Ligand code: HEM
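As structure tokens, one chain now follows by itself in the form predicted on its own.
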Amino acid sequence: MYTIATLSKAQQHANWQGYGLTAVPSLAKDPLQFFMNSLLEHGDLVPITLGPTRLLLVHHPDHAQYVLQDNWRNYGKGSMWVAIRKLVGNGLLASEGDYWLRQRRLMQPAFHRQRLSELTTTITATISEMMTEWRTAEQQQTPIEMAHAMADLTMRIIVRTMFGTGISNAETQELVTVFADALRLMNVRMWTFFLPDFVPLPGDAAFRSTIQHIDRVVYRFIAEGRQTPNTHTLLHMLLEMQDEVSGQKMTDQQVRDEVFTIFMAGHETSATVMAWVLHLIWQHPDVERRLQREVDEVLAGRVPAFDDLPRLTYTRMVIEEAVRMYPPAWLIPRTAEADDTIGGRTVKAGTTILISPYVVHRHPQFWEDAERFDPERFANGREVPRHAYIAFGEGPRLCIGNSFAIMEMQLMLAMIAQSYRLRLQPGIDIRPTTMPVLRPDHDLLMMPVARAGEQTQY
């Protein structure tokens, strides 16, 4: 069990003055452990000075709430987002100010309950396709690398809900590969945010090349969408959105930026969570049995529909607990626009605020035995500690696609649990790594084993 050191005012002040460049090797080697140690050894507010760059690690849920919700206008995206903007442009994820507010209002209808229900059939059909492919792997006794399989599946889902079902599997797979490369290369720039943009880094040219590659594909779909609208896609909805004040529609550039944003927010994050879910279920046979029991009782062999989701309560609890332990967006950076005070500490304008959901979700004052996988934490009637669960952010910039993500993962997990047990290959030790989402650090090789009396024929 974690315990936090009790620090005197003098010790806190000493930490404020002295936690500097010596932190860089530890931070670079193992960011997660560094952030956890900073909480356990130095408390809820931990300053770091890297030359001219001031950082403040914010670990307490109340302080995170203050930055993300209560005084959110004073905490912009800041310099760590420069690399992200190179990929997603001025989309909803990275934009700020009045432009962001306008885009948020425009995008909100895409994630209303009725719109989500219309996407269910496309999602379940895509999952069914994967289930069929798994039969071959089972028959040939070939293990499946689950992080890659989930990334492939979520990209297929995003591509088909965005562009329609006409896109080929080969083109979808190409997008999966190129977008994964872009994220990996973006990570280098994100963690060297304190360097001027004109300082060349290894991978800069490859990063630009991958973005150009994805641009060519996306702009082609935008052009086709304007010529031949498909009313059953997210792209069509983006193309038809109108500002309620000016009546203007989005330009091709704006649509492109929102497509990239949805790809980034809805592909890698859900895929990573599902990889952790499957790994955790393998580690906890009791959870697996209860999950299968619920799926069998609720669905009775059917492909799940949107209206089944409220009854798949344990399925959702498993996902929420996995997200608590391994939040894909493990770091939320902000920058103070003006001088402020957090938890009694003065924060100078320009200070980079780093909030780690990974740490907040393990804060010993709010989570008992935080390293234990326990879906019951999210059972109906049990109160989740206020502001101590920030897997999808907090405040006005709460992830707009969180309902889509939970729906998608419930459908994925329910359909997998209907037909298969997954068994990790021996000798694999899995730990989290930041790339930039919280991925498993080794191939998650798992063997699909058909359940006796298989529940569903896809």
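Note that residue numbering follows the sequence shown and begins at 1. In this text, all values refer to a predicted model and were calculated from it rather than measured experimentally.
Below: the form predicted in complex with the ligand, not depicted.
Among T352, T269, T315, T210, the residue placing a heavy atom within 4.5 Å of the ligand in the predicted bound form is T269. This chain is displayed alone, yet in the predicted bound form one of L32, I400, I430, L422 has a heavy atom within 4.5 Å of the ligand; that residue is I400.
Contact with the ligand in the predicted bound form, judged as any non-hydrogen atom within 4.5 angstroms, is confined among 129-137, 285-293, 212-220, 324-332 to 324-332. Looking at G43, you'd find every heavy atom of it more than 4.5 angstroms from the ligand in the predicted bound form. The closest non-hydrogen atom of Y66 lies beyond 4.5 Å of the ligand in the predicted bound form. Among residues of the shown chain, W72 is not one whose heavy atoms approach the ligand to within 4.5 Å in the predicted bound form. Using a 4.5 Å cutoff between non-hydrogen atoms, P47 does not count as a contact of the ligand in the predicted bound form. Using a 4.5 Å cut-off to the ligand in the predicted bound form, each of K77, W100 and R104 places a heavy atom inside that distance.
Residues of 348-378 that come within 4.5 Å of the ligand in the predicted bound form, judged by any heavy atom, do not exist; none qualify.
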